[in-house]
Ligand code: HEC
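The chain below stands alone, shown as structure tokens; this is the form predicted on its own.
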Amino acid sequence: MRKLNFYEFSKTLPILFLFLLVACGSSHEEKSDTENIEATGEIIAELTSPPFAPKPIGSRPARKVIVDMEILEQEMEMANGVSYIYWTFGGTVPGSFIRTRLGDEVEFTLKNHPENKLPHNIDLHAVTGPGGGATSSFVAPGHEITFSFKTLNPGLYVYHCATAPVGMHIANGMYGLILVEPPGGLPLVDKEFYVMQGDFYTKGNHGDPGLQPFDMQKAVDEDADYVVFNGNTHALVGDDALTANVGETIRLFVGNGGPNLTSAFHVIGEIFDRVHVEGGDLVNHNVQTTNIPPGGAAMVEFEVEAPGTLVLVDHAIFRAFNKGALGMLKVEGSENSKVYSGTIQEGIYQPEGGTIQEMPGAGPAPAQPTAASLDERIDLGKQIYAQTCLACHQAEGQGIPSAFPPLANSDFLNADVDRAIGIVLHGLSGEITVNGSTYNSVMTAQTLSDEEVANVLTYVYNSWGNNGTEVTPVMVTRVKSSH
């Protein structure tokens, strides 16, 4: 093929520029047209729990779609003998699947169950607007809130909680998928399933029994104890495996709630005929493994041509066999020797479990700075406050109404310094009254050294109208030993 010289190439630039203008203009016009699609009539959204998806949209016109979703904080099983307090949209992890079409007007009511301990909200990646709806949906326990949005872009999108600390809310299971189908709907397949990966961080190691608390430091370090499909290690295996028949076409709506790890999604024994990359319009064909980032999704489609058990994995393979990211699709039907022949042996692919192993360290951690004066303690404490406390209690200690109590000019804080130290060390749940207002949320225990606790509390006590107490490491050690 002959290469263009510079003169010939320069003559093509106006044409290329015109093409880009037309393309960009077309894209803008399409979105503008979507904004003007009239939603006629009203329907109640069909919400489904994983691994099931609602019925396809088909050719229905744009409607006003009513979505009613409740947040539930509840104990459920993570693995055999292991339980966990999940925070959920609709009582499941992932949350209820929402199915819409382009141009729908969605009226979304989010309810926070009165027995919950924490405020929550929802950020839907399908929403064009501040926070994806998060800024309009902050809701305290026992309350509900309604907001609306129009679906402007087709695709498969993640939704999640975005209340501070955002990572903790997502890590406890607060995510799901919302599908926006194009006009006329997606091509029909025989079966559709809803699968979503998430990484979980517990105080105990993988397999340690009992009710396992969330471990913030492991989450920050991205050191997951469990990486699972649909909320636990056994959601898609054994009697709960997905099922299909030879010759059927399968569509998997696959999401990744994260909060940290990218999924290398693969089905052992199949090749994806079509992959909607990142849940959008781009379609790849004949794909073995597709990457799904945290907060991302993909639609994968394939036909099952032979019987047997296909295995869903995150092909970062230790996650599959040692941390739980493994599911099964059991295919029944007549053998097809043209496609595959051989002995079918069940039970080859099973979770292996195993503990977290560590390599010898390269040396001790750097020594922590030690305050030599009150001013130094306040300065060091200000840094810790910005890293640890600011999201909930805000820059000026004002807190968040109905959610997190104020630290500024706080009668509760100033009344008892030992109590304040104990709360930082051990956390607090239950009802308290601060400056005449009642709060019933959760303060998590902070993984800080005695020096750091002293510094951050000294900063708080010497800010925003509080009583000027200097908290020392000796005071922190005394409270810790008396607990």
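Heads up, when I say rigid core I mean the largest set of C-alphas that superpose within 1.5 Å between the two forms. Please read all numbers here as calculations on a predicted model, not as lab measurements. Sequential numbering from 1, following the sequence displayed.
Form predicted in complex with heme C: not shown, discussed below.
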Evaluate G90 for contact with heme C in the predicted complex, applying a 4.5 angstroms cut-off between non-hydrogen atoms, and reply yes or no. no
Partner contact for F149 in the predicted complex: heme C, 4.5 angstroms, heavy atom: no
Find out whether any non-hydrogen atom of R251 is located within 4.5 angstroms of heme C in the predicted complex, and reply yes or no. no
May I ask you to check whether Q446 falls inside a 4.5 Å heavy atom distance of heme C in the predicted complex? yes
Only one of L118, V227, A219, L329 gets a heavy atom within 4.5 Å of heme C in the predicted complex. Which one? L118
Since exactly one of T40, S437, S429, N36 fits, which has a heavy atom within 4.5 Å of heme C in the predicted complex? S429
Whether L110, N112 and G133 all lie within 4.5 angstroms of heme C in the predicted complex by heavy atom: no
What stretch, of 152-160, 233-241, 125-133, 392-400, brings heavy atoms to within 4.5 Å of heme C in the predicted complex? 392-400
Check each residue of 377-411 against heme C in the predicted complex and list those with a heavy atom within 4.5 Å, in sequence order. T388, C389, C392, H393, A403, F404, P405, P406, L407, S410
Just checking, between the shown form and the other one and with the core aligned, does T243 shift 2 Å or more at the CA? no
Verify the C-alpha shift of G41 between the shown form and the other one: is it 2 Å or more after superposing the core? no
When the two forms are laid on each other by their rigid core, does G58 show a Cα shift of 2 Å or more between the shown form and the other one? no
Check T135 against S441 at the C-alpha atoms and report closer or farther in the predicted complex, compared with the shown form; the change is 3 Å or more. closer
Knowing the Cα distance between A219 and H393 changes 3 Å or more in the predicted complex, does it shrink or grow relative to here? closer
